[in-house]
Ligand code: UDP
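Below, in structure tokens: the form predicted alone, a single chain.
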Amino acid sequence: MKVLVTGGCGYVGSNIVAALGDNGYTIGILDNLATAPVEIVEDLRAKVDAKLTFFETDVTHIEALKPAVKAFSPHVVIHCAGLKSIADSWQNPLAYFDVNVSGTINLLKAMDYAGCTRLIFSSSATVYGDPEFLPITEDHPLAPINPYGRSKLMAEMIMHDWQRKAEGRGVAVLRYFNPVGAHHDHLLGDNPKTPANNLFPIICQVLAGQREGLSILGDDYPTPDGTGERDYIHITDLSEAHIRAIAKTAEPAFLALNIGTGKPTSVRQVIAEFERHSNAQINARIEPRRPGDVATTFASNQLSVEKLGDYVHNTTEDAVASSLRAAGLKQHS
């Protein structure tokens, strides 16, 4: 079976590519290399034991996108390409709607052109907004509170309407909570060539001496230690969920699933875990809350486990250890 991964050179995409290779799929990667180094393509070719075709193009460029998708003729598309920073989305909202919404429309047009009817979408828990109840289930109200979350929800709605338009189309929307860690063997970590926005790679940069310190964005949340709590899921578990979701796209339906562990971990707890594993103190300073952030969010993954089987096999500790290995940092035994 042929699977095309948009954004396949990025953090999430490259780990999904590795998982696809481990499971015998023929893989196409479509990426504009805006956030990933060009070397990742040859790195993936060397590491992934599968036939791999690369297209350097962009989902916002429909005239290049359509022939690329047609040339590969995938059975399934996994759509990871997109902008993903909450903070940046406040500064550049139109860019988020252009890439995440218009880019999705372009991809669906390209899939129609290529005759592909099966899609997995990398969505986000930000579509839920400020939680009305915890853990968050898939029937939680959809009320995103930042442009990034709104762009993801709009893309979901477009896909749902696309799926309903014609018989035989199958869409699986996977609402990620917080992917972290690195592939255990290939060490495909979260190492963007653009400035890091996520907690784990920022901590690794502090430990590597590439940053002076870590900013804790708010310590006055109504949580046990005052810092925000998130549901951190190991990237290999998230990738495994995608592999299992491929079969679900054969069903003519729109399926939305939370992909998380069902357990919250605070920023301070993550810092403490990194300090324990690295035997080094992390310089951290308190700064104001970031617009659009919520105090606590974590998944109910009951439905996704029911549909996909138990895909959660790693802990936050495993994610910290693998992140340090991927960054080339020593660990304290």
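In this text, residue numbers run from 1 along the sequence as written. Worth saying up front: this structure is predicted, and the values here are computed from it rather than measured.
The protein also exists as the form predicted in complex with ligand UDP; that form is not presented, and the subsequent description refers to it.
- Proximity to ligand UDP in the predicted complex holds for none of 92, 150 and 154, with the criterion being a heavy atom within 4.5 Å.
- Here is the short version: of 128, 121, 96, 232, the single residue with a heavy atom within 4.5 Å of ligand UDP in the predicted complex is 232.
- None of 110, 199, 101, 256 but one reaches within 4.5 angstroms of ligand UDP in the predicted complex through a heavy atom, and that residue is 199.
- The closest non-hydrogen atom of residue 236 lies beyond 4.5 Å of ligand UDP in the predicted complex.
- Contact annotation: residue 228 falls within 4.5 Å of ligand UDP in the predicted complex, judged by heavy atom distances.
- Using a 4.5 Å cutoff between non-hydrogen atoms, residue 216 counts as a contact of ligand UDP in the predicted complex.
- Interface residue remark: residue 273 is not counted as part of the site for ligand UDP in the predicted complex, having no heavy atom within 4.5 Å.
- Partner proximity in the predicted complex, defined as non-hydrogen atoms within 4.5 angstroms of ligand UDP, places exactly one of 102 to 110, 199 to 207, 72 to 80, 248 to 256 at the interface: 199 to 207.
- Residue 178 is the only member of 157 to 185 with a non-hydrogen atom no more than 4.5 angstroms from ligand UDP in the predicted complex.
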